[in-house]
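Quick heads-up: it's one chain on its own, the form predicted on its own, in structure tokens.
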């Protein structure tokens, strides 16, 4: 019975992440999942987010802030964060493979992937 509950909780967390483009925090995911599973704990959400990230099913975004954000899209892509309002958006582009080649020339080892986060001001904050 416990395995089923865990699976239902994990599935609900993953469904919430895949249904949004806002790159939410764990607290936001928790409040959304509670709408369908009212008795889920914040600790359960954190554990499942960590596990899903470790399994490369979701992406944990390191944005240089004290709060982690998560992305339900594990495919390689870039992000931009508004330094004024904190909004995080996807940049719709194929990953630039030439960056791997450039880095490999400067690194003694093998480069197999990269990530990039751009910082700027969104349209709304520029107004």
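Residue numbers count along the first chain shown, from 1. Everything quoted here is computed from the prediction, not taken from an experiment. Only the largest set of C-alpha atoms that superpose within 1.5 Å between the two forms is called the rigid core.
Omitted here: the form predicted together with another copy of the chain. The next part is about that form.
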Practice problem: Identify, from the list 56, 83, 36, 41, the residue with a heavy atom within 4.5 Å of another copy of the chain in the predicted bound form. | Solution: 83
Practice problem: Report yes if any heavy atom of residue 31 sits within 4.5 Å of a heavy atom of another copy of the chain in the predicted bound form; otherwise report no. | Solution: no
Quiz item: Is there a heavy atom of residue 46 no more than 4.5 Å from a heavy atom of another copy of the chain in the predicted bound form?
Solution: no
Quiz item: Looking at the partner-bound form in the predicted bound form, is residue 11 within 4.5 Å of another copy of the chain by any heavy atom?
Solution: no
Self-check item: Interface membership of residue 18, another copy of the chain in the predicted bound form, 4.5 Å heavy atom rule
Solution: no
Quiz item: Going by heavy atoms, what in 93-127 lies within 4.5 angstroms of another copy of the chain in the predicted bound form?
Solution: 93, 94, 96, 99, 100, 102, 103, 106, 107, 108, 109, 110, 111, 112, 113, 114, 115, 116, 117, 118, 119, 120, 121, 122, 123, 126
Practice problem: Align both forms on the core first, then report whether residue 111 has a C-alpha shift of 2 Å or more between the shown form and the other one. | Solution: yes
